[in-house]
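Structure 1 and structure 2, given next as structure tokens, are two forms of the same protein chain, each shown alone.
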Structure 1
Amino acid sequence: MHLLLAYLRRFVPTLTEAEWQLLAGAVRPAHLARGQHFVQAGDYRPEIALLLQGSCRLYYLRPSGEERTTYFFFENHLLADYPSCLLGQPSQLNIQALTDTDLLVFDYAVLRQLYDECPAYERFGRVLAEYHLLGTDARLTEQLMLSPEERYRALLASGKTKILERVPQHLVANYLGVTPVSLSRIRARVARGR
């Protein structure tokens, strides 16, 4: 529980105990078994969760039926279907546990309410959105600027090597925007050629 408080304070250091209590009552623990979904396309259950232990992936289902994994979640990161929460629409994406996963869950409606009632949470919402925007923007830029091989090298050099260590390679391939076969070739090139 204090991990969620610590998370909030990373974004809003001034958050008081009293302010924390406004949210704390709405928080409940939850568990996902490996393979189980936190969000599934078509659902509308706007919830946010702090990932305490484990890992999840975010993926889309293409019309053809294949899955495309575009994001990973690890410890101490928020799990949410941002578009669904913000637009108030059913999910178009899926979030699934890659391993057994422990969460702290609360309803987005509660946070939305706190935006109106408590400036500290409104600030949290702003800073959180800004933080995610920076990350998403950097990744989009990388996608537009770099070749697949450069993107793989960039991932190696980045602080995100957790992804490479904890995620099956064919999902990393999706994440980098290439096919699994292609990533395997790129890895072979990078390994030999240096």
Structure 2
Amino acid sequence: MHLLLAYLRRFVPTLTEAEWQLLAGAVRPAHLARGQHFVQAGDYRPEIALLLQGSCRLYYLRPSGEERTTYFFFENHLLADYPSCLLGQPSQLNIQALTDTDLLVFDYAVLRQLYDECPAYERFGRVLAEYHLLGTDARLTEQLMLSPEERYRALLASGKTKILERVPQHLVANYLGVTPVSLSRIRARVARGR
């Protein structure tokens, strides 16, 4: 089974082969080398990609030039600059490959057209938006309500082990909103059971 079709069926299990074919012709492979960006702030890239192999991070640049990592993508994650796709404006975020990364890419305009033509894709878009809204809300609540150590403990308990296993520690620290030194101290305290 095509990997993107399998992904779509996670959200719309009833998607038929004929409905899949409406999108299949627009899908193309892409590759990002380590450090290469899928999208950078100021660019307009109205494309969606399924990550097949590798890893990426989503980050913002503060006016001071400081990076703020907010999300990591691994295999079977859909990635895009959704606000830019929806608004038709240049990106405010960056998505960068942490490793050599293989993707399946298609234009957002194709999906938007399928929303109008096929109820299964409209359902996919709604369920995907709900999924992302819940994830964004959970991340925002975590950042606003939890201390750095509580955020680290929540990460440990979340099952998001790929972040801890595959992402460099300085980026994990950035994701948690702490310095690498602070993360080392937090990890030591948690390891001691305090």
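We call the rigid core the largest set of C-alpha positions that still match within 1.5 Å between the two forms. As the structure is a computational prediction, the values presented were derived from the model and not from experiment. Throughout, residue numbering runs from 1 along the sequence of structure 1.
One chain, two forms displayed separately, with the form predicted together with the DNA being the first of them, structure 1. Ala18: CA moves less than 2 Å between structures 1 and 2 after rigid-core fitting. In this core superposition, Thr179 moves its Cα by 2.4 Å between structures 1 and 2.
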